[in-house]
Structure formats: C-alpha cells, structure tokens
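Shown here is one chain on its own, the form predicted alone, set out as structure tokens.
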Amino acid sequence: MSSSADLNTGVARKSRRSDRRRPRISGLGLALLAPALFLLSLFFFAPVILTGVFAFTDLSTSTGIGRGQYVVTPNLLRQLGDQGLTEDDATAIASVSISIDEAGIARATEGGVDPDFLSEIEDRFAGESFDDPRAFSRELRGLPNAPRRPRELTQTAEYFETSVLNTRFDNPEALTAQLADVAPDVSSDTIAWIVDRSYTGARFTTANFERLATQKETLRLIGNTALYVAATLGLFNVGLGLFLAIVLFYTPKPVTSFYSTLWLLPRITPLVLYAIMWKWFTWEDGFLPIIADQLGLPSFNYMKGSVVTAWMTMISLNGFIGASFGLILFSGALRAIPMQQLWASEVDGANRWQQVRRIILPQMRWPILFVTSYQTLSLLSSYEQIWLTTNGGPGRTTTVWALEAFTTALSNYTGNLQYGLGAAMALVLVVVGLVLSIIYLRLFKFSELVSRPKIEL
C-alpha cells in the first residue's frame, strides 16, 4: 500500500510539474497580439511574397502593371528580324493597304475633311482598294474639290489607310485575324510567334532566372559580393570590433568611455554626410591625396581612380560603421564575464593573451555568432554606401549584387526599369541569406543555446 501511494504521489507531482511547464494560452493575449500579427504579416511577409511573385514575371516600365494589349511596332519587327523573321514577312506585315469603306469615310468626317471633297471620294472610289498609297494620292489629286496643299491631300489619304503597325488589339484573336488579312502569305506559325511577342503586358516567366544563370555578368557580381562581404565582415565588423572591445576592456574606464563614444561616430553620422566626408577625404583635392603628394606618393582620386583603392575605400567606409556596431555588442558581452575568473587566472600567472585565448574568446561565441550572422545578412543587402560613393565604379568593378538589383529595378539609366529581373535578384539574396543563416546556426551549435538547462531548480 505504501509503495502504491508513493507511486500515485509521484505521478501527481509530475502532472503538476508538467502543468507548470505547459504554456497557458489566453484569449485576451491573442486579441492583444492580433494587431501586431497583422502588421507583421503586412510589412514583413507581404513584401517577401510580392518579391517572389514579381520575380517570376517580366514586369517592367514598358509592360506596366495593368492588363496589356497586342501591338506590332516597327521596333518589334526589327527585333524579330534579328531572331529569324524573314525580310519578306516583315515587309508584308508592315505593308499599308487603302480601302474606301464606311470606316474610312467616318474617320475622314471626324477629321474635318471638306464634305464636298469627301462626297466625291465616296462617289468615285467607294468599295475600291489600293496597295500603293501614292497611287491613291494621285487619284485624289484629280478630283475637282481636291485641296491644293499636298499636306492636306496626304492627311486625307491616311484616313483610308489600313495597317497593322502601331494598332492596339485587346485580344490575340483580333490581331491574328488582322495579320492573316494583311499578310496572307505569312505562315500561321510565324503569325502566332509575332502575336505572342507583341503582347505589351507582364507575363509569368522563368526567363529572369535563366538570364541570371547564363549571363557572364552573374559570376562577376557573385565574386564582387563575396569579396565585399568577407573582407568587410572579417577585417572590420567582427575582427576590428572584437579587437577594440578587448582593448577597451583592459583600458581604464575614463579612457574607455571616451574612445567608445568616438567609435560610435560612423554609426550615428547621417549616411549622406558620412559619404560626403569620405569624398572630401579621398578625392583629388582631399586629405589623403594631398598628404600623398607631400610624401611623393601617387596622388589621385582614391575613391574612383583605381580598382584597388576603390575597393579599399568602399570596404573601409562600410567597415567602420560595422565595427562600431560590433564594438557595442562585444563590450556588453565582455562585461558579463565573471571577473572572478580573470582574477583567478592572474593568481595562476596567466598573462593578458592567455586570458583572452582561454577565458574571453570561448565565452564570446554567441556574440560573435550574432554579429557574424546579422552583419552578413546586412552586408548582402546593403548598397547605399556604394551607391553614394563609388556607384559601382570605376566602370562596374565594385558593383555588388544588391546594387545591381537596385539599379535594375529602380534606378536604370535607360529608363526601362526591370521590376521582374530586379525582384529575381532580390529573391536570390533572400535564399542566400536563409542558407547562410542555417549554416551559421549549425556551425555555432545554436541548439545548445536554446536547449533546456541541464540543472532543474
């Protein structure tokens, strides 16, 4: 009996303990969280979803965001000519025919053509067709009420012209019928091809990713981005930030406060002002070229004068901002290390380097993980500093993936903003960021950080 009671008591105790561990779901709490969840969905998930959708379209300035139409333009025929359209087919499609019908009479009436002249045209040529506009103009010139000015005569003839060029059709069937009527000798496959290419709206396609996978520019962008992220992260964001935090940790407090504030300047300075300061620092008449000239060293625009100095400037400019961020986090983490450990190591005869290597660095794993993963994702998507300084130059030697995506989608010199291609490049960045995050979490064993404590209180 005694053992059974003890067993029941143990089960009840475990049950109460399990109830204490189980999180309680409150309806009021869910109601209070609802606005936050809505805003999270609106401002976080919606842009990601829209980017994913746009990435599989050819959306651009020329297509617009509305429903497109079918238009055959001379420029389209030239493009198709480069892709295999024969000159005879292009000439047939671009041909102009003239028909004297009710539609032409109505257009001429709305255009203000002299009614007497128009009546003569209808009486004389109603139901006839002309293949040569010049022959029709000669016929018009012989009518008694024909205008004396050649320009008015040409304008009158244009009301009766029928051409597929620059005419907008709402559906492919109407354009197909018009092309078959204008160019009956062109094959149906060619007409279908032209109709498909004449659509002016956006369509779902995988061409953006095929282009990114095949163009030579992609490898250069990947190389530039890898160099930019690795050098900035390793030398400044983590390396310099951790070095400064450790040095200031062993520095007297008044000095530490002053230098900590000084290193925050790159972080708190407005970005545009910070970029202008670097221009004053590195351009032809800036501080560095003047000093270099006094020392007999090459003096030129270090920001854009050569590829090497442009990379050094760009990495340093971004690196000092990231180093100040790392300095703040690493300094806070260093203060959390129990001082008793350092005092005990000094009693055992450990020097500063041995303290750093044996005590400080092993306990800085989680801050280093956070700074590395956060700054990697930040650098992958950052382009503002590069855009404001080197703008990817000289040439395109310092153009990274994020800057290329930005200029492709939102700041194209040609004026044709390719939203779909830019979204595809942004989506690639999102996927790369997710993969790197998983790698970092597994590499630094993040599961140990969030695991249940082994000692239960």
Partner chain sequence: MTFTATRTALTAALLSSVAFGAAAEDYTITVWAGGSGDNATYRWEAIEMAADLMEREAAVRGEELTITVESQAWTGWDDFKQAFTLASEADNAPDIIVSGHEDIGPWSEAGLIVPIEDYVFFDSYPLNTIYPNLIDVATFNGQIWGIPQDAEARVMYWSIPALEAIGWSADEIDSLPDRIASGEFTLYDMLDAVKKMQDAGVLEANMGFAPRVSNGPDYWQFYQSFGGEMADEESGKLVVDTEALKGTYQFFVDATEMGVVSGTHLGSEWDVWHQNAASGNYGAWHGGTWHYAQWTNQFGLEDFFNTVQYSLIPAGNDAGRANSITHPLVYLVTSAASEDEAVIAAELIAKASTPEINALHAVKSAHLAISEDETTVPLYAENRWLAAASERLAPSTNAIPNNSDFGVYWTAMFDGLEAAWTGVSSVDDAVAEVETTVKQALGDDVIIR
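Positions refer to the first chain, counted from 1. Fair warning: this is a prediction, and the values are worked out from it, not measured in the lab. For clarity, a rigid core is taken as the largest C-alpha set superposing within 1.5 Å between two forms.
Absent from the display: the form predicted together with its partner chain. The rest refers to it.
S.K.: According to a 4.5 angstroms non-hydrogen atom cut-off, is residue 428 in contact with its partner chain in the predicted complex?
M.R.: The answer is no: residue 428 has no heavy atom within 4.5 Å of its partner chain.
S.K.: May I ask you to check whether residue 253 falls inside a 4.5 Å heavy atom distance of its partner chain in the predicted complex?
M.R.: Outside the cut-off, so no.
S.K.: Does its partner chain get within 4.5 angstroms of any non-hydrogen atom of residue 74 in the predicted complex?
M.R.: Yes, contact at 4.5 Å.
S.K.: Does any heavy atom of residue 305 come within 4.5 Å of a heavy atom of its partner chain in the predicted complex?
M.R.: Output for residue 305 is yes: heavy atoms within 4.5 Å of its partner chain.
S.K.: Would you mind picking out the stretch of 428-436, 50-58, 37-45, 410-418 that comes within 4.5 angstroms of its partner chain in the predicted complex, counting non-hydrogen atoms?
M.R.: Looking at the other structure, the answer is 410-418.
S.K.: Give me the residue from 124, 220, 357, 203 that has a heavy atom within 4.5 Å of its partner chain in the predicted complex.
M.R.: Going through each option in turn, the one that passes is 220.
S.K.: Though the partner is not shown here, which residues of 66-90 have a heavy atom within 4.5 Å of its partner chain in the predicted complex?
M.R.: 66, 73, 74, 75, 78, 79, 82, in sequence order.
S.K.: Cα of residue 253 displaced 2 Å or more between the shown form and the other one, core superposed?
M.R.: Shift at residue 253: below 2 Å after core fit.
S.K.: Rigid core superposed, CA of residue 338 - does it shift 2 Å or more between the shown form and the other one?
M.R.: No; that C-alpha moves by less than 2 Å between the shown form and the other one.
S.K.: Determine, after fitting the two forms on their core, whether residue 78 shows a C-alpha shift of 2 Å or more between the shown form and the other one.
M.R.: Passes the 2 Å threshold, so yes.
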